[in-house]
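Just one chain is shown here, as structure tokens, and it is the form predicted alone.
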């Protein structure tokens, strides 16, 4: 039987501090949920998570965005976005045009068909996430959100201190 890192840390707690066990718990939850979402997107819509994420970013900005803006929002390189964009343009989900302000810049946006398909996926995605968190009460969710916000701020402070 293969054990995840979190399970190993719980079985040998004397070898791991509380913060490390917390990190492993967060990582295990993220990996589990992300894997399930990837699988369901592939099975139900034959789409990858990165394509879904790109479409989600564009759905928020109907007039479109530059490739550079999309990569910043998705926290990936322009090269990663370019390949995704090419495939989504070919499939008719995205429209690409030259920026009127700067002829060197490409602006991408969802087509009408792309937006309709994305919204269908997004509605199911929301149901999947609700199901995965279904055992948490509204109070649990609020508390977890509060604690995760505190965790994020702590990690940002640490990264800033290291960089500065």
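Positions refer to the first chain, counted from 1. Note that the structure is a prediction, hence the values are computed from the model and not measured.
Another form exists, predicted in complex with another copy of the chain; not displayed. Remarks below refer to it.
Within 4.5 Å of any heavy atom of another copy of the chain in the predicted complex lies no heavy atom of residue 102. Residue contact check for residue 136: one or more of its heavy atoms lie within 4.5 Å of another copy of the chain in the predicted complex. Contact check for residue 28: a heavy atom falls within 4.5 Å of another copy of the chain in the predicted complex. Residue 68 falls outside the set of residues with a heavy atom inside 4.5 Å of another copy of the chain in the predicted complex. Residues of 20-56 that come within 4.5 Å of another copy of the chain in the predicted complex, judged by any heavy atom, are 20, 21, 22, 23, 25, 26, 27, 28, 29, 30, 31, 32, 33, 34, 36, 39, 40, 43 in sequence order.
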